[in-house]
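One chain is shown next in C-alpha cells, namely the form predicted on its own.
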Amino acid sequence: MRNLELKIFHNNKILVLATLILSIFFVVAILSYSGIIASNWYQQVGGSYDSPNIKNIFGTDIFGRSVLAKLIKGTETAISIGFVVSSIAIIIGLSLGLISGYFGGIIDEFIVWLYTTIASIPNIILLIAFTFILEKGIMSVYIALAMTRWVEICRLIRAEVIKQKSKDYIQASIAIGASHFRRIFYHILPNVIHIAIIQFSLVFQVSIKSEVILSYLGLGEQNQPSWGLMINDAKVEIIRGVWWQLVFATIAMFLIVLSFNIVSDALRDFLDPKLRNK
C-alpha cells in the first residue's frame, strides 16, 4: 500500500499540483479566518471600478474595495461551507447507512423511503425551500446543503454494509458472540470507511458550487464576500466593461473544483480495494 501511495504521487504531477493548489486555498482560508489577511476587505483602497494595477492587482469594486481582499474572504466562505457541510453530511449518511444496512427490516425500509423521497426532489428546489424557510445567512447554507448531501453517502454505505454483512468474518464474529456494536464499529466500519472519505471530498466541492449558486440567487451568505456574490455583482458590471471581479472569482472556483475532482479520483484509486488490487 505504501508503495502504491508513493507511486501515485511521484508519477502523477497533475495530482501533486492539484494537492498544492488545494493546500494554498486552505492556508488562505485559515489566515483569513484568523484575521491575519483580508481583515479590512470592506475598506476603500482606490477609486470605483479601478482596473487591475500595481496598487490593486485585482482591481476594485464599485465602492473602491479591493477585489483581491474580497476574493480571499470568499475563499474563507467557500472552504468553511465545504468543510462543515461535508462533515455533517458524512456523519448523517454514514450513521444511517450503517444502521439501515446492518439491521435491515422496518428500519431499513424507513431509511430507504426517506432518502428515496429526498432524492426524488431536485436538489436546487430543496435548497431554495430550506433557505426560504430559514433566515438568510451562513447557517442557513450549512443546514440546507447538509440536509441534501447525505443521501448518496447513505445509499452507498448501506449497499456496502449489506455486502460486508454476509461475509465470513462477520459470520465468525457472530459465532464467537460479538455484540452488534463490535460488529458494526470494529469489523464493518473499517471496511466501508473508504467510501465516506471519497464522498467527503466529492461533497466538499459540490457544496462550494452549490453555495455559489445560492449566493448568486441572493439566498446565501450576505454579511461577507463570497464568490457567488461577486459573480452576481458582475451581472451589471460586465455591461460596463468591468470584467475583473467576474473573471477572478470564476478562476478561483474553477481551480478549487478541478483540484478537488483530481484529488477525489486519486483517493478513489488508492482507497477502493477493487481498484487498489488491480
Partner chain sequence: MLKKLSFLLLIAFLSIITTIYLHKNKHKKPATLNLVSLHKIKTLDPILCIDTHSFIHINSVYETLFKYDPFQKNEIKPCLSKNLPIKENNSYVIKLKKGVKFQNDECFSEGKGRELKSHDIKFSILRNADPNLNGKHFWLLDGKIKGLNRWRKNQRKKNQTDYNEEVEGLKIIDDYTIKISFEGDNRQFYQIFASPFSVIIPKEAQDYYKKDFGNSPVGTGPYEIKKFDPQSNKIVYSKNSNYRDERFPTEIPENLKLKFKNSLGKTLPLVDNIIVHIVTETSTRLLKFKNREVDAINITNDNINFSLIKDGKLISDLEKKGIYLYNKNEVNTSYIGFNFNNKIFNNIKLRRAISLAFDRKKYNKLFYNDNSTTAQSMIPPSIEGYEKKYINPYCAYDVERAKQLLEEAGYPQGKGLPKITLDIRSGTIYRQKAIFFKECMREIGIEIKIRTNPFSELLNRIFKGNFMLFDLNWQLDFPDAENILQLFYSKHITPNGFNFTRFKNEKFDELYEKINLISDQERRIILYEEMNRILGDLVPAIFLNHKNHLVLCQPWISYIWTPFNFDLIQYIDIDDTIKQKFQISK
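Positions refer to the first chain, counted from 1. Being a predicted model, the structure only gives us computed values, none of them experimental.
One more form of this protein exists, namely the form predicted together with its partner chain; it is left out here, but the text below deals with it.
S.K.: Would you mind picking out the stretch of 51-59, 38-46, 24-32, 205-213 that comes within 4.5 angstroms of its partner chain in the model of the complex, counting non-hydrogen atoms?
M.R.: Heavy atoms within 4.5 Å of its partner chain in the model of the complex occur in 38-46.
S.K.: For this chain shown on its own, do Phe63, Asn223 and Lys235 all sit within 4.5 Å of its partner chain in the model of the complex, going by heavy atoms?
M.R.: Yes: Phe63, Asn223 and Lys235 each sit within 4.5 Å of its partner chain in the model of the complex.
S.K.: I need to confirm a contact call. Of Lys136, Arg183, Lys165, Arg155, which residue comes within 4.5 Å of its partner chain in the model of the complex, counting heavy atoms only?
M.R.: None of the others qualify; the residue that does is Lys136.
S.K.: Give me the residue from Phe103, Phe83, Phe132, Phe110 that has a heavy atom within 4.5 Å of its partner chain in the model of the complex.
M.R.: By the 4.5 Å criterion, the partner-contacting residue is Phe132.
S.K.: Closest heavy atom of Leu229 to its partner chain in the model of the complex, within 4.5 Å or not?
M.R.: Answer yes; at least one heavy atom of Leu229 falls within 4.5 Å of its partner chain in the model of the complex.
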